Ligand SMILES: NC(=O)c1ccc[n+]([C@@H]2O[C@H](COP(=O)([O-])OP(=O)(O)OC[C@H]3O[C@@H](n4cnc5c(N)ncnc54)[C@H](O)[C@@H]3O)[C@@H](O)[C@H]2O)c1
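Just one chain follows, in the form predicted on its own, and it is written as structure tokens.
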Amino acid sequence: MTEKIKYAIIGAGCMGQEHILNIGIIDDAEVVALCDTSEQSIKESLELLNYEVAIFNDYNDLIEANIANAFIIATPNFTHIDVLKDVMKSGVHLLIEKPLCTTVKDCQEFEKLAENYPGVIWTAMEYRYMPPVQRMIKEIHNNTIGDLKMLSIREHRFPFLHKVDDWNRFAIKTGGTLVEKCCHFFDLMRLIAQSEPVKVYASGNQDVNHLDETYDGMTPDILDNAFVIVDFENGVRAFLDICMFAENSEYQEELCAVGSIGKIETEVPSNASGITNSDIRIGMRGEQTALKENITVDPKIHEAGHHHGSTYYEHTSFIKAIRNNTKPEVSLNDGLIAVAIGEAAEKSIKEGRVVQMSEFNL
């Protein structure tokens, strides 16, 4: 395959538009079609593209048109399972926005259906590809800080954005905050720990956001803050601190890993800060000074989205897998386990107990 990768985007809302911006700065890829039932989302996406593409409001018509060799699935979470069942008949490469589905059951159903799928199926987990996070992972896996023992991730950010029909205000449509938003972090925990989760304990609530909003007589029920502890088979313990009413933060994400002989930490600036670089700090036990290095993201790449350049790097890796006919770096199983940890955390809060991952029959 020497021609450009031809993308069709199913779901032209907020995240679909971020994909458009990033594909636009990749030389060997282009968007050739948009599919969405929202005229406003199509209009906004066309303004970003600034050239004509095929427009569909039914993804079945898009499949039949056979004009793309890669689909991006960026529809609302609760629609994923039905969309995925249909797009499988296309046989094209698939990049599926997180969460893979809203429930473990749906993820498992799709994984089984996709066992012999001819194309690359990639679960979009952008946080893996943030440059400071990638550097941190490399140092941990190189045993720079010895055997990893503890990992903590903090995200202090803005509330959920308004999306079409505000579908993201309700747990039944999102899977809950700890699935919808935090599957990114649970995926990172598992990737960094290089082990499988054993048990989950969480404490959280909806304390501030969306309390005065109503939609068709219903009040939003999504968590806006939580602490989550995940224990792994190899003894690593990981901790998530999520707060979604802390938008005036210099750093949106902060990560810290502590090993047997040292500690490594980094941060990801909030988009509002306008900062395009991050520090990574490595401090070894018994030493007075620490290694500190600045990690910079190309401003052009940084401006093409809200994930500190990661969407761009994710696409270049996805395209490489397509061209080389190799396995995805982020598999369906990765997507499934991330959802399972989130579902376990939501269950832990509702039931006030430790949830064993064995309860999910993964």
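Position 1 is the first residue in the sequence shown; the rest follow in order. Remember, it's a predicted structure, so these values are computed and weren't measured experimentally.
The following text describes the form predicted in complex with the named molecule, which does not appear among the structures shown.
Colleague: Among 37, 325, 294, 333, which has at least one heavy atom within 4.5 Å of the named molecule in the predicted complex?
Modeller: Result of the distance check: 37.
Colleague: Exactly one of 177, 278, 90, 75 has a non-hydrogen atom within 4.5 Å of the named molecule in the predicted complex; which residue is it?
Modeller: For this set of options, the contacting one is 75.
Colleague: In the predicted complex, which of 157-165, 281-289, 249-257, 132-140 comes within 4.5 Å of the named molecule (heavy atoms)?
Modeller: Single hit among the candidates: 157-165.
Colleague: Can you tell me if residue 59 lies within 4.5 angstroms of the named molecule in the predicted complex, counting non-hydrogen atoms only?
Modeller: Contact check for residue 59: yes, within 4.5 Å of the named molecule in the predicted complex.
Colleague: Quick one: does residue 232 come within 4.5 Å of the named molecule in the predicted complex, counting heavy atoms only?
Modeller: It does not: once the named molecule is placed as it appears in the predicted complex, residue 232 has no heavy atom within 4.5 Å of it.
Colleague: Is the gap between residue 11 and the named molecule in the predicted complex 4.5 Å or less for some heavy atom pair?
Modeller: Residue 11: contacts the named molecule in the predicted complex.
Colleague: I'd like to check something about residue 267: if you look in the predicted complex, is any of its heavy atoms closer than or equal to 4.5 Å to a heavy atom of the named molecule?
Modeller: Result no; residue 267 lies far from the named molecule in the predicted complex.
Colleague: Given a 4.5 Å distance limit between heavy atoms, list every residue of 96-130 close to the named molecule in the predicted complex, or none if there are none.
Modeller: Contacts from 96-130: 97, 98, 99, 126, 127.
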